[in-house]
Structure formats: C-alpha cells, structure tokens
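Okay, here we've got a single chain as structure tokens, the form predicted on its own, with questions on binding and movement later.
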Amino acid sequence: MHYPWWYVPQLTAPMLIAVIAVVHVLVSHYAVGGGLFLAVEVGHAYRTRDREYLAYLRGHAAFFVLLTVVFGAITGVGIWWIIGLSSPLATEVLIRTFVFGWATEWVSFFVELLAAFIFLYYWGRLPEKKHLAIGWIYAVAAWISLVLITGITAFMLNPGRWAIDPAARNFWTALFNPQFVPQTVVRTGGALLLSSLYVYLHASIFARDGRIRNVIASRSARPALLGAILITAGGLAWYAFLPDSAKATLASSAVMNVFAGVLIASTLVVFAMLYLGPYRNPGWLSPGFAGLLFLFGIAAFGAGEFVREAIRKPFVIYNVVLSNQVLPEQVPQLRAGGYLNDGVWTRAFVAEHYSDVMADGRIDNKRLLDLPYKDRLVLGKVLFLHHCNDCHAAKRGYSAVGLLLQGRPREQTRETIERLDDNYSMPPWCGTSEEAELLTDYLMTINQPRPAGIHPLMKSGGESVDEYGEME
C-alpha cells in the first residue's frame, strides 16, 4: 500500500513476470547443467586426446556463453526490474529477508561470468589442467547460484515457521524452508535434463562428424535420465510439502489440472525418448528427433513453472504477502479505515482530485457515496487497479473480471466483493462497505451482458451499464 501501481493492460503485470521468468528459467537451467557438461566432457576429451571432440566442444562453449551469459543475464536483470514494478511489497520482503543470500548469489554470479569468459577466450592458451579447473569453478559457482535462488523461490511457496513465528524470522529459517530440499532436487535434475536437450539439439545441427554425435548422445544420456529421475523424486516431495490450500487449488482448478497433465505427459514422453533414443540408439540423434525432444522438454518445464507459480494464490509469498500486495495482518485495519485511506498513493490521488471527501488529512468514507456518479467510477477504477489488477485484467485479457462476472446483477456483484475469500484462492476484501459500492459501480461498467440465446425459462442475466451509467 506504500507503492504506486504499475498498470499493464490486458496481460497484467504478473503475467508479464511469468513470461520473462519462464524464458529465463529455460536458459538458467542450461547455464547450470551446461557448465557441468562442458567441464566433464572437456576433461574427457583431454584424457582421451580426442582433438575432434575438443574442437566441437569449443564451438559449443561459444554457443553456451552467448546464450546463457549474455541472454541469460539480460533476462535475469529483466526479472529484477519487473518484479520491483509489479510486486514491490513482495520484493521488499524478499530483499530484507534474504539480503545475505542475494549478496552471496551475486558473488557466485560474478564468478560464473568471469570463469565463463576465461574458459572460452583462453581456450588453447591455458595449460589443460588450469583450463579444466576454470570449467569446474564455473560449474560449482553456477550450482551454488541455483541453490540460493531456489531457496528464495521455495520460500515464496511455503515459508514454514518463518511466516507464523516472529522469533524464527531469520535468514537460515527462511532459506531452509519446507520446500527447499524438494525444489533443489527438482532444479538440479532439471538442469541436468534440460542441458542435455540443448546439447542434443546443438550437436544434431553442428556436429558434422557422426562419431562425435554418437559420443555426445551416449555420454549425455545417463545425466539426462538421472535428471528425469531427480525431477520425479523431487516433484513427489514438492507435492508432499505443499500447503493445504495449494493442494486444494491444484486439485480443484481445471486449468491447473490441464497444465499438470501436460507436465506429467511431457515428462513421460521425454523420458521414453531419451531411453529409446540416445541411451539405446545413439544413431537416432537427428535434427528432427533432437528438435522434437527439445520441444517436449520445453512444454514440461513451461507447464511446471505455470503450476508452481499459480498454486500460491491468494499469496505472492504464502501467508506473508497477499496477491494484492497487502500483508494479512493489515486486512482488519484496511476494512475499518479504508483501502484508499491507507495507501500513500491512493490517498494522495483522492486528496488532489476530490478534496471534498477529505477531513483532517484522511478520507471520510461516508462522503464517498455523495460523489457524482462519474467520480465514483473513477475511484472504483482506482480500487480495481490496486486491489484486483494484480491477478485480473478488466474487460478483456488475462482472467478478465468483465468476463468472470458476465451477466451477474449488481446485488450479486456487490456481495461477491465483500466475500472474495469465500473462494480460498482469492484474497479477502480489504476495504470499507462504501468502497465496495464504488468498486461495484466500476465493475458494472465492464460487466459483459449475459450471452444471447439463453432459454427463456432460465433466469435472465443482470443488466450492465456503460461508463456513463446508461443501461445497455
């Protein structure tokens, strides 16, 4: 409530986070597993004096650095930029809680960058042992970064004791939350599996020598299969340590069921293709096979990220920050004094444009209903943007409220507002009854009419109004 609101029409700001985050995750896992692949395989090439394989690995390292260090760093910075704009309160909590962890991760990331550039640009100029040592320094630093970031994202899903016991609010309790080990296992397995899919795709296109392709296919099959096993084992533990509300959301939401189905089916297909292809038949590694395998892997990772993010509702950080950027303990205060009153930016907006409703520097909620209808709509929209737009678009777009309320009469819409948390995936209403009236005014302007062609014996839908209050 102490931050301005960043409005992203139709898509909504959190969905923009999701788009950038999924792209970053697909690259960052390769940054971890691919670094391990290069360290292991360069060591193997040095020991066996396989110059052709070493030459291929040098080309792969250039591709690896370009994708993970350059593009990966850009998307990583993009995540920081966008979460600060769209979820400022949650970002503040994470920074204050994990400042030591963030600092350590940034050091690890700096080591990654330095090691990656030395590994690539001093290839052939360093003694073999030193060159290989640089590769392993990169691999270890990248995995440390994965562990630290995983601890923070796991905390968002289930902070454990940290959320309910003030005495336990320290860095170590936050890091070693109930989801830490399961998600670390999943992420480590994901790094092994996804990096193998990148390796196969790259080798199928750029490794001209059939012997080199067969070496890569057979040597990378076991790490890929190990990754699939770790994902499965970690995924089961991840589910076991989910909060009850997250399990209920996963079970009851049709969208979650669809994405969970895509996740499970795609993972099984990837596992089968890895076993039947690179593990049993290395010669199958063609661009078509590798491309199809890569697409199924992307589908599994994308679906998994969607499920992981979506089941936190109604929280951004479970039991700590609600999805509308309000702390749970603030809800009674907001209901008593007003949502617009307790927001620094919302109160300043009302004071500037509607000074008649102000008294002693605060909003007199009873005067809100005396405003002209058009002004009530303006404040209703302000309430919508700050209270609802974190998860819902307005008339059209992602989870648009205008479509969710389609055909509902005013009375039912008004009742829905004050009983939002009857649906446990929604945050509670955080305003006064007068503010609920203003929000209802605005929602009725975006409420879509009941679909035509409904049987006449069925109850007719509610009327919707345009922004000037005229019936449609």
Partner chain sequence: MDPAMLVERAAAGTPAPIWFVQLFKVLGFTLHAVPMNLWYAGLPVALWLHLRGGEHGRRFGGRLLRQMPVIVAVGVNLGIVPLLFMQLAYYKVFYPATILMAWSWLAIIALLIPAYYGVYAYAWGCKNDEKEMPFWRVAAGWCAAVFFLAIGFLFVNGFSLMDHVDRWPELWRDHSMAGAALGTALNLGDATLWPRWLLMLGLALQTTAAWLLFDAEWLTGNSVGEDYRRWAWGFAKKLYTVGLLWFAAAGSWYVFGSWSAELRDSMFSWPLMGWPLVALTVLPALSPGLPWLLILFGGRTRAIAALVALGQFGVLGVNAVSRQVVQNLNLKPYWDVYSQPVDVQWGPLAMFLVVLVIGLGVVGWMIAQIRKCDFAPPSNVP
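Positions refer to the first chain, counted from 1. Keep in mind it's a predicted model, so treat the numbers as computed, not measured.
Absent from the display: the form predicted in complex with the partner chain. The rest refers to it.
Of the stretches 316-324, 226-234, 198-206, 107-115, only 107-115 has residues with a heavy atom within 4.5 Å of the partner chain in the predicted complex. Annotation: in the predicted complex, residues N365, Y424 and N447 none come within 4.5 Å of the partner chain through any heavy atom.
Residue contact check for A359: none of its heavy atoms lie within 4.5 Å of the partner chain in the predicted complex.
Among residues of the shown chain, F171 is one whose heavy atoms approach the partner chain to within 4.5 Å in the predicted complex. The partner chain in the predicted complex comes within 4.5 Å of a heavy atom belonging to Y122. In the predicted complex, the partner chain stays beyond 4.5 Å of every heavy atom belonging to V22.
For the residues T184, T91, S253, T153, the 4.5 Å heavy atom test against the partner chain in the predicted complex is passed only by T91. Screening A240, A272, A336, V99 for any heavy atom within 4.5 Å of the partner chain in the predicted complex leaves a single hit, V99. Residues of 56-70 placing a heavy atom within 4.5 Å of the partner chain in the predicted complex, in sequence order: R58, A62, V65, L66, L67, V69, V70.
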